[in-house]
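Heads up, the chain below is alone and in the form predicted alone; it's given as structure tokens.
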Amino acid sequence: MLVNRKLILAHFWLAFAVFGVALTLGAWQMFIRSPIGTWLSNPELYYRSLTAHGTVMGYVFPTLVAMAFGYAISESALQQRLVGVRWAWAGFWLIVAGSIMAVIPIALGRASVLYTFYPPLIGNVFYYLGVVLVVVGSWIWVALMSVNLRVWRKANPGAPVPLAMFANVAGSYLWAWTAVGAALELLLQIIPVAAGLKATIDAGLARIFFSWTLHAIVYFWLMPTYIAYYTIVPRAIGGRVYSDSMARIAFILFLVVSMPIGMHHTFADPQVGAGFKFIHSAFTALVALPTLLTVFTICASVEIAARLRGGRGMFGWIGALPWDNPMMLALAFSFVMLGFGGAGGLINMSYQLDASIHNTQWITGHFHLIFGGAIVIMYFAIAYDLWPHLTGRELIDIRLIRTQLWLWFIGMIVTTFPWHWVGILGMPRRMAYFDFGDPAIAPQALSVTLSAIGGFILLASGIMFIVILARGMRAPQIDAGPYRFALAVHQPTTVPVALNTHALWVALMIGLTLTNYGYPILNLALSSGTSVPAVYVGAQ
């Protein structure tokens, strides 16, 4: 039951349009800082590009995908028309307006502060206001997901909330609370300085506020991917979800333990005490639990599909999997990249090991492998799966889809593995230029060149993805039927209240966040002499 197709398609198309622009900027950045590129005479252009790339990929693109997918889930899983369509369009246009407002100062060189803001660097106030509009637009989506679930509950008292909607609402609540940290940083620290109301800023406190958002936002990006793992992949390959309860527990764990972990990004910051750094490091380790639970559950679900297809033996069933199915291919690639990226994350969360790779290209390789690799490839799969139901037209070139997924996987490996290597060797990230004629770093030239080649492979794959969707808009018409989600092996008729509602887990999420962030924030806020003069980007 997809009634508001235009709304969903508008979100998807805007997401993929800005994704294409950001991907192009990323490939250009890799080229001009590699040995095969020409030295950029004005390095400030690199930082403009880097800010635009990060702002789009961090705030705009994944948010629009989550919103589009969320609206599709709401109508399909709940089997009811979306409540609040006008508000949904209002949220969409706020994101459009905010994106334009943010990108203009970046293009003019007035906001080259990167998507992490980096105070005491201060950009044009309209950049920050644009980001605020994007967040406000997304919060409308959060409210609508809650409202639609409440309407469904009233019509279906005591019934189990469909797994896809339960996870979707959990993801929306996670984003609502995650974004509060960056919102506090912008409203209380950065915007007053950017607007000329203050001339100094407490950079340490601002970094603590942003750490509130910085890591938990990754799990918001991850939520559509995990929803696809559980509710799309098993159905697409002819299987069933191994356990509905285990799936719910995984999403609950993400909701609870994703928040109090961001200070592991401040291991090198003196304003944070060692005790809180240890606590955040420990909670970061706990985030591995829902991922490990997911790997087990999805592997079991995939095995069910293989055995239903005639697979036999302890490992022989693997050969019975539908490897020509793009959804199976996307899942396999996503799991491989998630495994490598997650292993790198264990290094980042360790206080001792992080010191050896802090602010190096290792970090760039890690988060690109997680977000650009494991997450984005499943965004592609979600779009491919939904497209016939949104357009009423068939995606007929399955071979081209498989090629696109292979190229993305290969490109991401070729890009990120050399980044990890040169990071171990000490190459800093976010540098506009390296002199590879210097004997000290000349041996790293090959690795950086390979990464640049990988970037162009990714660009080719991204263009191919957009072309496939565009061609799908003109493909032969079909009746795709209702959009369905995977069923569990034992489909629940009743679910314990704790696994069917979010209130308890939201309270725990908020409580853990306040416990783990409250004292450091209050300590810095009440301390005197911690502010420094602002450094205005683009000032003459």
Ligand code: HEM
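Counting begins at 1, following the sequence as shown. Model, not experiment: these values are computed from the prediction.
FYI, the form predicted in complex with the named molecule isn't displayed, but the following is about it.
Residue Gly372 is the only one of Gly372, Gly98, Pro418, Pro120 with a heavy atom lying within 4.5 Å of the named molecule in the predicted complex. Checking Asn124, Thr284, Ser243, Thr364 for any heavy atom within 4.5 Å of the named molecule in the predicted complex turns up a single hit: Thr364. Comment: 455 to 463 is the region of 390 to 398, 69 to 77, 455 to 463, 251 to 259 lying near the named molecule in the predicted complex, near meaning a non-hydrogen atom within 4.5 Å. Site residues Ala167, Arg235 and Arg484 are none of them in contact with the named molecule in the predicted complex, judged by any heavy atom within 4.5 Å. The closest non-hydrogen atom of Arg150 lies beyond 4.5 Å of the named molecule in the predicted complex.
Although the partner is absent from this view, Trp141 stays clear of the named molecule in the predicted complex, with no non-hydrogen atom inside 4.5 angstroms. When the named molecule is considered in the predicted complex, Ala15 lies well away from it, no heavy atom lying within 4.5 Å. Put simply, Phe333 is far from the named molecule in the predicted complex: not one heavy atom of it is within 4.5 Å.
Residues are counted as partner-facing when one of their heavy atoms sits within 4.5 Å of the named molecule in the predicted complex; in 386 to 415 only Trp408 qualifies.
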